[in-house]
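So this first bit is one chain, no partners, the form predicted on its own, shown in structure tokens.
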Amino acid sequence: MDPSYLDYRLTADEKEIFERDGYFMVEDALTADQVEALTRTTDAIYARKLEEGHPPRQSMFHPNFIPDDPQFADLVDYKKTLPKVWGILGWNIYLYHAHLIVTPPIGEPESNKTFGWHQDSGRVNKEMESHPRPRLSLKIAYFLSDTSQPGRGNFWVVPGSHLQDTIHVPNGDGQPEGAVPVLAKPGTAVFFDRRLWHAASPNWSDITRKVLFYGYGYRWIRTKDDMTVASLWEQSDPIRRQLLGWGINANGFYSPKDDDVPLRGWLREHSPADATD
């Protein structure tokens, strides 16, 4: 990792927005060439899944996609986004979850049916004894398709709801108070707190929605996918290897030594303020 990563550190404005709203957006995080190449790869995966019997009008949720193509692995420690992750979570982090979603068009809307509102992490939200619930992790959503208009299978959020353990979700008709669609152009990266109440929505447009989700959390959190990224360790540099779940031993995920967390060593050299314990 070279020092130019520091050019993309979390800004004061981004930190303020993230703490207040639970998410923020970075437009043009991916170049047009990156979007085109990642879209081709995503389309090939989707086509293969259709050949294997995936229903053509049903969203495709494809976890553990990082080993599918080197382009996906290159985003694990991507220069324009990783510095913002360590700016929020610190250096004892790794990729605990990743999924690719393709949402095909389903036609015109038939109702204002309530979406599937939730906070991430399942049982964590019932078993952690704190208020508000702890952040623990965040996701970056890289948008490959154009969702800059409503009705395109947009990601919906309730801004500020990451500090609420519960929200009122209508029973079948309409969305929670304050809910808004995230309007993201191709190449946009959306960072969001796992506690943010959010939902997927139907795709009522003629554009197939394509998004890559990268979930970062503390190294002592278990993976949420049956990840096979260990196959990439040998070909990865030390920091990417950390982000792909490598460690010296089990205790190193709780009480890391320098060899467990090369990201901390890099920060000590290049940005000491970000390397504090």
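If you're wondering where the values come from, they're calculated on a predicted model, not measured in any experiment. Numbering starts at 1 and runs along the sequence shown.
The next section is about a form of this same protein that is not shown, the form predicted in complex with a small molecule.
So, residue 213 and the small molecule: in the predicted complex, are they within 4.5 Å at any heavy atom pair?
Yes.
Considering only heavy atoms, tell me if residue 198 and the small molecule come within 4.5 Å of each other in the predicted complex.
Yes.
Residue contact check: residue 152 to the small molecule in the predicted complex, 4.5 Å heavy atom:
Judged by the heavy-atom cut-off of 4.5 Å, residue 152 is well away from the small molecule in the predicted complex.
I'd like to know whether residue 86 contacts the small molecule in the predicted complex, with contact meaning heavy atoms within 4.5 angstroms.
Flag for residue 86 set to no.
Decide yes or no: are 101, 118 and 192 jointly within 4.5 Å of the small molecule in the predicted complex, with each residue judged by its heavy atoms?
Affirmative, all three are within 4.5 Å.
Select, from the options 86 to 94, 164 to 172, 67 to 75, 198 to 206, the stretch whose residues sit within 4.5 angstroms of the small molecule in the predicted complex by heavy atom distance.
Partner-contacting stretch among the options: 198 to 206.
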